[in-house]
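Just one chain follows, in the form predicted on its own, and it is written as structure tokens.
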């Protein structure tokens, strides 16, 4: 089916000609497992991912789709307690340095090859260090990663690292098939577009600009699962069409920024739909304006402080995010561990912003412009576009001209990865602990040409030292003290302008069961999701 044909069907409400795109449900109760077998879940993916391998790309659409195709050793409940996935059990040595995982012996790759501990070792030691923004910070702490037998993996740390048990979700360690990738250029491997995973769903078809069609993996190692026959992720660039698709039942699930938030409020009141903001606990993202600390005049902290004063963050929360979220105060989300509230504050003040720029000697020209900066706009919907436009208008009032530059997912990734920007509106996941999801953006050892590292180029040896010490400290009180000191320094130097602690509505057909069961919500494998009634 071509893209044009699909959108015609979508707007028609899915009433005609959908033999290849099942909307109805054919179900049978799965014996002894409590769910109902059958049915096709139709959802949205926005924007279309550039790739389906999250070991290569950590963009949200990639994670959401490939989380059904690949698995990791563990997943986490809403309190971030580890739960089995590819690992059926695990132990931690008394000295906190050795983690031993026992793998599910019946796990297979989608091509029928057995999944073994060698695949895990290869992924952690050889694949991820080449591509992954956090692999170096996490698995670089290992003295060794070994496979004593086909179904046992042993991670031996150089020194205790308390957050380590929280580093085995699908985004941190998506286990890759060694027999597909070893000895190849992993970034260019054709399997990135036709992935061979071990999860409950496998790729049937990907029609660019139209849809990604996943079907049940009948060789999945969990008996009776998955319940669903298929999942179809539909690419619908227009926000109004996405809302219409949910409203008329063409799709049964939207998440993240699929809907404009005013549409989310309206549709959440429909009697056949349910809404939740749960399932984002592991991510706890903060919307921020990343500032390239290398480029003048952005390399002067007075300029960055002026940016903080010039943007009304409450307006962004209330008027652009429709109240979903909370004004941010620094790099750690207030809902996660080791948040420090007593930091430098930046009230909304045009006068203070102008005074700082004047102090720098950055005088306005005849048109009132002090300097011009570039802001690539990521293709994540109207909310991003509106926020970027608001930032442009806000900074113009203090003499900073912002040029908004359109991108697609691929070019956006390339530009930010290669530090080709002055400012960048984004949000990054925190992964439940500063050592896993926060400090990677501020330590100088992680200044890399990989998305979601310290791409702003911030360098402070004291911050490096505090981050290193806090990561390996055993007592939470000690970690809190170190992270508090770190946050105070970072917030005073403003390498990034923190805007809003974000909340996202997941809106879904009430017939869907077991949809949000963990702290990664809709990024889960969906192996127990089913339709009821």
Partner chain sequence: MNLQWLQGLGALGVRLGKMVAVILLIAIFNFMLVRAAPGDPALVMAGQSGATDEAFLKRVRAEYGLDQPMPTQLATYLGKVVRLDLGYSHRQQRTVLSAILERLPATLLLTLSAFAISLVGGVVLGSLAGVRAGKLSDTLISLIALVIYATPVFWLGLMLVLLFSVQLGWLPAFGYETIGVTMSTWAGIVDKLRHLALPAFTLGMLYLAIYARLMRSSIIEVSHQDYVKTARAKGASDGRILWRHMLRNALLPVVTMAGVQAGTLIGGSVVIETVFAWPGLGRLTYDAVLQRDYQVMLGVFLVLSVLVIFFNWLTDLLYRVIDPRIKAA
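These numbers were taken from a predicted model, which means no experiment stands behind them. Residue numbers count along the first chain shown, from 1. Each form is matched to the other, and the largest set of C-alpha atoms that superpose within 1.5 Å is called the rigid core.
From this point on, the text means the form predicted together with its partner chain, which you will not see here.
> With its partner chain left out here, work out from 76-84, 284-292, 445-453, 102-110 which stretch has heavy atoms within 4.5 Å of it in the predicted bound form.
That would be stretch 445-453.
> Does its partner chain get within 4.5 angstroms of any non-hydrogen atom of residue 470 in the predicted bound form?
It does not: once its partner chain is placed as it appears in the predicted bound form, residue 470 has no heavy atom within 4.5 Å of it.
> Might residue 178 be said to contact its partner chain in the predicted bound form, defining contact as any heavy atom within 4.5 Å?
No - in the predicted bound form, heavy atoms of residue 178 and its partner chain never come within 4.5 Å of each other.
> Does residue 223 reach its partner chain in the predicted bound form, with heavy atoms at most 4.5 Å apart?
Judged by the heavy-atom cut-off of 4.5 Å, residue 223 is well away from its partner chain in the predicted bound form.
> Residue 270: heavy atom within 4.5 Å of its partner chain in the predicted bound form?
Because no heavy atom of residue 270 falls inside 4.5 Å of its partner chain in the predicted bound form, the answer is no.
> Report the residue, out of 276, 131, 344, 460, that has at least one non-hydrogen atom within 4.5 angstroms of its partner chain in the predicted bound form.
The option sitting close enough to the partner is 131.
> Let me know the one among 161, 380, 122, 139 whose heavy atoms come within 4.5 Å of its partner chain in the predicted bound form, would you?
The residue in contact is 380.
> Which residues, if any, of 409-429 lie within 4.5 Å of its partner chain in the predicted bound form when only heavy atoms count?
409, 410, 411, 413, 414, 417 sit within 4.5 Å of the partner.
> Spell out whether the Cα of residue 451 moves at least 2 Å between the shown form and the other one when the two forms are superposed on their rigid core.
After core superposition, the displacement of the residue 451 C-alpha between the shown form and the other one reaches the 2 Å mark, so yes.
> Rigid core aligned, does the Cα position of residue 233 differ by 2 Å or more between the shown form and the other one?
No.
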